[in-house]
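Below sits a lone chain in structure tokens, taken as the form predicted on its own.
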């Protein structure tokens, strides 16, 4: 055991020493170092040849599969082979290759083995020249990637049908297509001690509050993990309260939603290898809004938003209300309905709380099973499974028909919410409310409702109150909250964002 520990300690020490090595002037030694550090993998490509009248030795190094091979051939290999009148001096030749020969758009210089390893493992190509203690790092990131498709988690009837993909360059390009403004900013970071994935912070200079940008960047700079495989890692690291069930950062696959957030003064965070980008800060009202609300006329947008708030209430409170009314307050139910519920529950052996828990848990299992199966099969399992199990449970006398209706309405209401993250939050809260209703009846529901409101009012998202613009109240922002005012009336950006440019449009009258 001691020998094994000693081996790993020595190996770690040697690895750290290799990373700190400076690039030498001997090409053979430099190539040997990179092979040793990566243990000469099969996808490591090293092309050695000579250029110039003095036959200077050079090498091109890259990882096959994560580079654009056509780009390397056309803009590096061909340029080097066809170059003429090259200087004899090695340093002058190196500078000429950098500034005159290679036509790759992005070129940087590296001086250490760490620079080289990070470059080639990120999809760049490295140029070595024998006798020079520097390398050229050329941007050739490529490889196979998924084509732009319609977002699977945020489908709309009217609106853009394109969604973010796993390539961060494609995602930044899509945002630039929506906002062709010179004030659009992209700040790049590397996250993950070992993965070193690219992370981009996007914001609108001149609109966003600078303090907001500084706070987002400060939190991102504290990230210290081996890898961030998905933006959910970033979200959990930088959110205000990890104990809160409420999402404090929005996530979206839609570039139009991200662009709209930028123009409102918010900050967008993009991570390479994931189609989900983050939007900060988040508010409770924003979680119940969809980009489609603004694509339809204001009357329809308002109606849909009101239905969403009703769906949010049903998804949280309906099972708890059923338990409380049937168990403790049957006098609040109309007489005919109370007699009907009592008759349907006559053969049910379980109390209302157990009945509700059985059916709610079954619905959650069906929902998760449908998500994990292929799309066509998943939809069939969700619908047929719900019908078959519900009918069988009623026939067997395990649950009452009214309970099946309550659970079905609860599930439908949760599907009507535009944000999957807030739907999960409501699913968590409903179990707590069911327990409170089983113990205290309506008084338990009211106490839980008060506690939820106290928590929301005290919750912050990057310095912005989570409950704004409900409380603190900003009447101008109520135009785009539960109601959606006509576009011509929404002339200012959200007040709670404290933007530098507060005007969303000119104050002139709309032309007829």
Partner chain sequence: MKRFKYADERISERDIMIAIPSIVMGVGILSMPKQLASVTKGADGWIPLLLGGLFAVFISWAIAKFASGFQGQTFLTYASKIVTKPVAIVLSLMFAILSIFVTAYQIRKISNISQQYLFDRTPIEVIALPFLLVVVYAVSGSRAGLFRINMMFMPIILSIALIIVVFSVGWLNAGNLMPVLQTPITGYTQVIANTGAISYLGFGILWFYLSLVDKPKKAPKAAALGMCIPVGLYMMIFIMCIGVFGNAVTSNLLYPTIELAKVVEIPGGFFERFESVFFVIWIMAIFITATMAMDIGIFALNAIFKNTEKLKIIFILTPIIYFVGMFPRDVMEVDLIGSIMSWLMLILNITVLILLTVVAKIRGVKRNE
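Remember, predicted model here, so these are calculated numbers, not experimental data. Residue numbers count along the first chain shown, from 1.
The same protein also exists as the form predicted together with the partner chain; that form is not shown, yet it is the one meant from here on.
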Taking 332, 442 and 473 as a possible spot, do all three reach the partner chain in the model of the complex with a heavy atom inside 4.5 Å? yes
Residue-level contact is defined here as any heavy atom of the residue lying within 4.5 Å of the partner chain in the model of the complex; does residue 65 satisfy this criterion? no
Does any heavy atom of residue 211 come within 4.5 Å of a heavy atom of the partner chain in the model of the complex? yes
I'd like to check something about residue 219: if you look in the model of the complex, is any of its heavy atoms closer than or equal to 4.5 Å to a heavy atom of the partner chain? yes
Is it the case that residue 61, even though its partner is missing from this view, gets within 4.5 Å of the partner chain in the model of the complex, heavy atoms only? no
Which of 53 to 61, 481 to 489, 443 to 451, 30 to 38 lies within 4.5 Å of the partner chain in the model of the complex, heavy atoms considered? The stretch 443 to 451
Using a 4.5 Å cut-off on heavy atoms, which residues of 128 to 152 contact the partner chain in the model of the complex? none
